[in-house]
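Listed next as structure tokens is one chain, alone, in the form predicted on its own.
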């Protein structure tokens, strides 16, 4: 069976689709290109920190930045903001690149790192010292914080602010040389200590950190802070549009001020624009909280299928097409909002419904013996992978004397209008024939262990020869031909709509039933050759994906999502 996942990159669009919600960033860029701003160039960047895995919130930024480059024949740089060696790791770099490619985007040769510019950033800082725009402050972090002031109270200038250029250059060189301990000095820019914008009050540019860097090793022991490294890296790369989420709107004045200090020409510098992040109900997207879930072993890792990380969603069976569709549908605005998780789930179902082959699986098997079926005989029936396209690809479904149905598809004392199997009642086996329950065999504890039934040989294909009406149709699997598997039924990780309403108690909202592991499941034989990542619909049960951990000897399948929204019908599930 071939994998139905599309690997195609999103179609380029030069005009806005009128059926989609507004995207003010795209509209702005289109207008600027028409005006010839930046020489008509469009260069964006996606700047992840390699200190964790990307999550679904990042998907919006990825689609926006790479999408703009595609639509306007531009370039999107992948630049890792690797300025904090204490939390960064090369494994995160690899995972981030894999996630972006899976989502359908490629940066080509434009892979950069803030660490690529450590020497250039250092030289720019030295020039600022020479120009009298920066100085070394030798106080503790606490002392600096205590004199910064707040919105109502101006800050107090540091005693070291008056140091000579020569003394500052010498101290900064010592900081770089590795002879000074962590926290003993910082380099600060000379801003305005009376500014109502606290970030403009002599912002810190460099701090000492004797930590091994995943790319530069032990070459550097001073590292630039984000506000210093970010804008200058954009400028070095000739980025035209520096697109950030809304929490950086308060950083924009400092972003522009630093560009002023290094002499970036007004017509040849990046412009920062902020947009609203992608947030969901019943979901936590704080990287710190996600790391906590991993460390406390509430999940199995960053790629646990319950996690909102891109690797977790991929392992669960979510398609990149569904995520790109979702990002288009939510639009791009400057107003923070929380998207109902059901919108994501709808996009997932919609895409899987169009791309997933239909197959049969029995998750909680109940043995059925057809007493009038020849013992060693096998009959095969043709069954299409898409019932709505019977002329399309199909597979053979074998029927033998012993088969399995779902336990819930049988009731010994059924209520009225129960159209599945019961003593003396007939049902249709999907694609195969009609059977009737004759006897119920029970174990010593009273549990049902086997049903004895008879099949109607004249009903091959599922249609009775005498035209009698059969209201119930069951999915089933031949016992002789079944593929054994373990199936994990995943659900939402949190029960509360807003788990972080009280950040200190968010773990109390974890769903204790977020995963149910079923062993001894029986799958139809067409799945014997399925590969990890294969997505299918188990008829009547939901959409499933073979897990990355699967082997020929130990098949593991994950439920991606149910066929319908079950949460909407559950009152008080919070």
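The term rigid core refers to the maximal set of C-alpha atoms that superpose within 1.5 Å between the two forms. Residue numbers count along the first chain shown, from 1. Because the structure is a prediction, the values reported are computed rather than measured.
A second form of this protein, the form predicted together with the RNA, is not displayed here; the remarks below concern that form.
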Taking 4.5 angstroms as the heavy atom distance cut-off, pick the stretch from 442-450, 427-435, 254-262, 312-320 that is near the RNA in the model of the complex. 427-435
With the partner left out here, check for me: in the model of the complex, does some heavy atom of residue 540 sit within 4.5 Å of the RNA? yes
With heavy atoms only and a cut-off of 4.5 Å, decide whether residue 273 touches the RNA in the model of the complex. no
Does residue 484 make contact with the RNA in the model of the complex, using a 4.5 Å heavy atom cut-off? no
Look up in the model of the complex whether residue 224 has a non-hydrogen atom within 4.5 angstroms of the RNA, and give yes or no. yes
Residue among 163, 269, 176, 207 with a heavy atom within 4.5 Å of the RNA in the model of the complex: 207
Quick one: from 295, 417, 212, 109, grab the residue that has a heavy atom within 4.5 Å of the RNA in the model of the complex. 417
Is every one of 186, 337 and 564 within 4.5 Å of the RNA in the model of the complex, counting heavy atoms? yes
Only counting heavy atoms and a 4.5 Å limit, does any residue of 38-53 reach the RNA in the model of the complex, and if so which ones? 49
After a core superposition, would you say residue 428 shifts its C-alpha by at least 2 Å between this form and the one not shown? yes
At a 2 Å cut-off on C-alpha positions, does residue 418 qualify as shifted between this form and the one not shown after fitting the rigid core? yes
Under a superposition restricted to the rigid core, does residue 321 display a Cα displacement of 2 angstroms or more between this form and the one not shown? no
